[in-house]
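The data below hold one chain only, encoded as structure tokens and taken in the form predicted alone.
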């Protein structure tokens, strides 16, 4: 399966690229603005013309939160969720291995990796780009 069972008409290509381990996001053909999550038009210039471009997979931590209660079967507690600014300028929110939580810091470099979701599709995840803190 390429992605979640239910996806919008705008994110099918993104989920197919995640399944291949090469996440792509939309980029406006008029002004060059990246857009995530995928949508019908550019939030900058309102153009509907876009292309799909593979992301670098790198960025910096903006914030994170650790849930100590399990809310979903696929994410046993503790689960750490990170918001990161990708090098392309878009914010991606996903999880990171809980063992890396102690080394998180604002502006810490991260990179995207891909993991298998229990429901049968791949998801983008984060890992620290520069290894554990010294």
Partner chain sequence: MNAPQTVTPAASDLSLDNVAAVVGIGQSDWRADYKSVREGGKPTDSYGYGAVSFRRALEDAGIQKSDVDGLIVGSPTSFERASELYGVTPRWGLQADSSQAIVAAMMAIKAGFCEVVALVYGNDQRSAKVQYGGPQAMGGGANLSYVYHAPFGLTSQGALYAMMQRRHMELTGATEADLGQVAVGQRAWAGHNPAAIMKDRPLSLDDYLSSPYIAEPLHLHDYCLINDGGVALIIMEKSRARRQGRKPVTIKTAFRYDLHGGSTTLRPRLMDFYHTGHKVVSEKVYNAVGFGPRDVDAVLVYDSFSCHIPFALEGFGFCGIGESGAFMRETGIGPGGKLPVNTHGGHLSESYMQGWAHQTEAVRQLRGEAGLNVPNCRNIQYISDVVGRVYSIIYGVD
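Residue numbers count along the first chain shown, from 1. None of these values were measured; they are calculated from a predicted model.
One more form of this protein, predicted in complex with its partner chain, exists but is not displayed; see below.
- Taken together, the three residues 62, 71 and 106 all come within 4.5 Å of its partner chain in the model of the complex, as judged by their closest heavy atom.
- At the 4.5 Å threshold, heavy atoms of residue 14 reach its partner chain in the model of the complex.
- Under a 4.5 angstroms non-hydrogen atom cutoff, its partner chain in the model of the complex lacks residue 47 among its neighbouring residues.
- Using a 4.5 angstroms threshold between heavy atoms, residue 22 stays clear of its partner chain in the model of the complex.
- Mapping the unseen interface onto this chain, residue 57 falls outside it, with no heavy atom inside 4.5 Å of its partner chain in the model of the complex.
- Residues are counted as partner-facing when one of their heavy atoms sits within 4.5 Å of its partner chain in the model of the complex; in 67 to 96 these are 67, 68, 71, 72, 75, 81, 82, 83, 85, 89, 90, 91, 93, 94, 95, in sequence order.
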